[in-house]
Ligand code: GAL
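Shown below, as structure tokens, is a lone chain in the form predicted alone; questions about how it binds or moves come after it.
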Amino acid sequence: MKKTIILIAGALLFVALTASCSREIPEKDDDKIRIGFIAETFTVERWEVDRDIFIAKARELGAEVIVQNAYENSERQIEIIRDMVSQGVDALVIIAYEKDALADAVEFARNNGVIVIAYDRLILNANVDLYITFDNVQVGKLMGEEAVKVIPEGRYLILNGAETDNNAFYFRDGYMGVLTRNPLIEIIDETWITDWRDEEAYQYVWNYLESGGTMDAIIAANDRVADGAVRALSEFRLAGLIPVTGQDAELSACRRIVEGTQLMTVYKPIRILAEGAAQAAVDLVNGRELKGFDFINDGENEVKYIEYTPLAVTKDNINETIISDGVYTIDQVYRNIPEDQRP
């Protein structure tokens, strides 16, 4: 009896798995373009901004956007890709969590006629239809250049981003290219911060200082990493004395810049990127030719890519960049600065 039950259960499981693997892509009953926007996470402040701008532009172009969050889980991201394809989306715009994990899922999507755009992070060996981003080597270069302006010689601590993020390697190429050209700069230590987590950056810097280590500057690969580094420095009364870099122009980072505890951030005009991605998705679905693209190697393929130019933001130009562009208001950025001390 038990054997019969096991056989029946096994047969039912086989049927269920077979059905889920061979489900047909439904035909749409209207002409509206549907775009799946798949984020790796929304714990990073800027991805929420990208999402909102992307949705607004896509709607302006007559497209519908379905948003999903992978919660920093590649298996979840793969599942979402396959599920969205089964729902009949026309295009996928993906912020990849892991650079190496999505090639098969992208192939599945493209084999089913779905346009795939890698958004701000290249998906390796995937042959996407388009990779759209900022000049990420330049992002790192701007960090290095601004740091060297104030610390032309000294001991540098390097806090790279997540090794799962292909961009982290581009950023590193940028700032290390600047630093290693200067014989008066010593790289005293270097680490990679898992998932760009501020807590890991905090603990790393705290441990380094607690053990008696010293530094003259910290290259933090984004604003979340910078946040952790600055918090650790503040506990040793060093915040504002050790320059710390960053990128993404998060509001908290902009406040630290005007307060003097973070040296700079890299401003990537997100509206240009998000609206460009929405336009590209609609154009590709409609069979229109893209303009202004180049090619980049994803490990196996030469894929089309479009890149935009980032800007360094410091205390000296934050009003002319971040605030003038309407990213944040003066009151938001200078919240902790008395009005009579604001520029």
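Note that residue numbering begins at 1 and tracks the sequence as displayed. Given the structure is predicted, the values throughout are model-derived calculations rather than measurements.
There is another form of this protein, the form predicted in complex with the named molecule, and it is not shown here; the text below is about that form.
Enquirer: Thinking of 40, 171 and 196 as the candidate spot, does the named molecule come within 4.5 Å of a heavy atom on all of them in the predicted bound form?
Expert: Every listed residue reaches the named molecule in the predicted bound form, so yes.
Enquirer: Verify the contact flag for residue 308: yes if a non-hydrogen atom of it lies within 4.5 Å of a non-hydrogen atom of the named molecule in the predicted bound form, no if not.
Expert: No, residue 308 sits far enough from the named molecule in the predicted bound form that none of its heavy atoms falls within 4.5 Å.
Enquirer: Is there a heavy atom of residue 44 no more than 4.5 Å from a heavy atom of the named molecule in the predicted bound form?
Expert: Judged by the heavy-atom cut-off of 4.5 Å, residue 44 is in contact with the named molecule in the predicted bound form.
Enquirer: So, in the predicted bound form, is residue 268 in contact with the named molecule at a 4.5 angstroms heavy atom limit?
Expert: Judged by the heavy-atom cut-off of 4.5 Å, residue 268 is in contact with the named molecule in the predicted bound form.
Enquirer: How about residue 227: is it within 4.5 Å of the named molecule in the predicted bound form, going by heavy atoms?
Expert: The answer is no: residue 227 has no heavy atom within 4.5 Å of the named molecule.
Enquirer: In the predicted bound form, which of the listed residues (160, 261, 167, 77) lies with a heavy atom within 4.5 Å of the named molecule?
Expert: Checking each option against the named molecule in the predicted bound form, the one that comes within 4.5 Å is 167.
Enquirer: Within 4.5 Å of the named molecule in the predicted bound form, counting heavy atoms only, one of 178-186, 245-253, 102-110, 228-236 shows up; tell me which.
Expert: Of the options given, it is 245-253.
Enquirer: Using a 4.5 Å cut-off on heavy atoms, which residues of 220-244 contact the named molecule in the predicted bound form?
Expert: Heavy-atom contacts within 4.5 Å come from 222 alone.
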